[in-house]
Ligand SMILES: Nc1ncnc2c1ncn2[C@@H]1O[C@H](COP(=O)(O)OP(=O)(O)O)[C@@H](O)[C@H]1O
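Presented below, as structure tokens, is a lone chain in the form predicted alone.
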Amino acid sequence: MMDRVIELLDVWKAYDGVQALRGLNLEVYKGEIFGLLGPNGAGKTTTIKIIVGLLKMDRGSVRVNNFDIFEEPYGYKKFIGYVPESVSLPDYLTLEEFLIYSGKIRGVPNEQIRERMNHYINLFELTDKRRALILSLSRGMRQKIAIAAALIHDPDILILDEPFIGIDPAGQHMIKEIFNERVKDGKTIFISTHMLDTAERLCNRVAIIHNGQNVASGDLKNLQQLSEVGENATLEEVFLKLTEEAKEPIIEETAERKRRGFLGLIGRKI
């Protein structure tokens, strides 16, 4: 039986009365590249932010490396590295200074910080930029730096929200190679992406979420059978079929009340 390193059970989350997650269930196993897929607004980023501790769920449970993140909100974080969708780095630091800082706050010994920093700077072909201010670097370079910073403490679980945005093809290839090497060492990669062709080639398993619920999980073969689109169907075809079937008319009462109130306000002012 495979070891679960991330487990979500009946997780709910609402923003101002609008339900983002509706009893989401999810399992991620040790030593796999797991993809979280879904249309815009499906709840992918909300899910990731809950897992890494940036958002509190309304109810449900989440376990990471056997830690209940509600009961033990700090201990599990040493096992994860995280790269958000919108990377925000300190512009006033150089690339090198930021990676050293990232290693120090993670408690990495100085000699290991230097070794790992040099490894990723060379790997991402950023040697000539190591003393450049982050302010002067391109979006793709910043993304690479963020990934290097998330890896500096050699986490068991790497969690990335849209990791390939803004990165050139050569950089994307290198990141995929890093993912595959880490999985060989028993590490886990959890990515959220809209790039379905990439997910199809890269991920061992995926979960497709829609309206805050898990519509389907598994490898491509399992999803092909579940969606009944044929054994030669692409992940994109499976995705479109399953998300179309999961559509339902959901009217958020709170949002509707706000809309009516706003229209009434406009009507009174006109």
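Residue indices: 1-based, along the sequence shown. Remember, predicted model here, so these are calculated numbers, not experimental data.
Same protein, other form: the form predicted together with this ligand, not shown, and the subject of what follows.
- prompt: Quick one: is Met57 in contact with this ligand in the predicted bound form, heavy atoms, 4.5 Å cut-off?
  reply: Met57: no contact with this ligand in the predicted bound form.
4.5 Å heavy atom contact, Leu9 and this ligand in the predicted bound form: Because no heavy atom of Leu9 falls inside 4.5 Å of this ligand in the predicted bound form, the answer is no.
Partner proximity in the predicted bound form: Asn65 to this ligand, non-hydrogen atom cutoff 4.5 Å: Asn65 lies outside the contact set for this ligand.
- request: Give a yes or no for Pro39: in the predicted bound form, does one of its heavy atoms lie within 4.5 Å of a heavy atom belonging to this ligand?
  value: Pro39 belongs to the contact set for this ligand.
Among the candidates Ser217, Thr243, Gln213, Thr45, the residue which, in the predicted bound form, approaches this ligand to within 4.5 Å (heavy atoms): The option sitting close enough to the partner is Thr45.
query: Just one of 45-53, 198-206, 228-236, 25-33 has heavy atoms within 4.5 Å of this ligand in the predicted bound form; which?
result: Looking at the partner contacts, the answer comes out as 45-53.
- prompt: Counting only heavy atoms, which residues in 2-19 are within 4.5 Å of this ligand in the predicted bound form?
  reply: Sequence-ordered list: Tyr15, Val18.
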